[in-house]
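A single chain comes next, written as structure tokens; it is the form predicted on its own.
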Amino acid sequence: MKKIWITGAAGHVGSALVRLLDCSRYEILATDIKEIDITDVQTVHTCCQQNHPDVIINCAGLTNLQTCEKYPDRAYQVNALGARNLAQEAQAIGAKLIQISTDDVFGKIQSIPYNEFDALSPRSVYGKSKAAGEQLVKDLIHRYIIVRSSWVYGFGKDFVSDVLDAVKNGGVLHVASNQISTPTSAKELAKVIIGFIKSDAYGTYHAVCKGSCSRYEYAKAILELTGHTDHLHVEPFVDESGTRPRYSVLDNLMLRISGMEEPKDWKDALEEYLKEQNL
């Protein structure tokens, strides 16, 4: 029975993995920062030596853009050094490391989807720290999979919950019309990750739902699917802050050419999620 260590298990992707993984096939060690802080080298070392996981899935990260901009040292500590600590310990015990990354590692102005072979161009501290984590993983371990995704939602606080919370207050919600990417269900992303547990495929992969939209279109879809179009007015605006990429649509090129299953269409996945949550 393979032993799987999931860090950041209380987050969107981590909790989706815990729900979907077959406990009769895998022994699952699910930890969050309260149990194990991945920035602590000795703690990570001790966990690996005591448990000897076959696969480590790093879902931990500091993802709030504003927090990362305000506390860049902490962003790099979690997103870069945390990944380094897991990579070097995984290499030492012969484990496979699956590192979860983001579309924010891209930031140049373009209008065609980024594939896995495009050069990174992060603009935010969050994107830069995640790119640094990717590089450390590549430098330190042979058996790694980097999985980049975008606009991930699931159980907990995210854009979907923000829009639905705004419904309760009514009025107007201002949403950026010039940020374009792909909403991706944590459940759909977890399915791809589970595929990597079973396979011998390595390298960098994009795993996003099919299609793309603006934040404004995303918000409108949430309201339409939950029957709240009359309860909240969504007003588009042009975001000039520059912290988020204007266009960060990812192309699942490596999944496609490897013959691996891609996540479903973003609207279908969103509808499924909202129905499952009775929203």
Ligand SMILES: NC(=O)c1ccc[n+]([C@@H]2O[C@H](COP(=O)([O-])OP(=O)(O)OC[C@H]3O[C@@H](n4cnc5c(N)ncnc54)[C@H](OP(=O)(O)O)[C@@H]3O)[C@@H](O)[C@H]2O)c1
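Numbering starts at 1 and follows the sequence shown. Small disclaimer: the values here were computed from a predicted structure and weren't measured.
One more form of this protein should be noted, the form predicted together with this ligand, which is absent from this view; the next part is about it.
- Heavy atoms within 4.5 Å of this ligand in the predicted complex are found in exactly one of 122-130, 137-145, 164-172, 105-113, that being 122-130.
- Looking at this ligand in the predicted complex, residues Q179, C213 and E272 place no heavy atom within 4.5 Å of it.
- Among heavy atoms of T39, some come within 4.5 Å of this ligand in the predicted complex.
- With a 4.5 Å cutoff on heavy atoms, V18 does not count as touching this ligand in the predicted complex; it lies far away.
- A60 belongs to the set of residues with a heavy atom inside 4.5 Å of this ligand in the predicted complex.
- Although the partner is absent from this view, D54 stays clear of this ligand in the predicted complex, with no non-hydrogen atom inside 4.5 angstroms.
- When this ligand is considered in the predicted complex, only one residue from A87, V152, A75, V160 comes within 4.5 Å through any heavy atom, namely V152.
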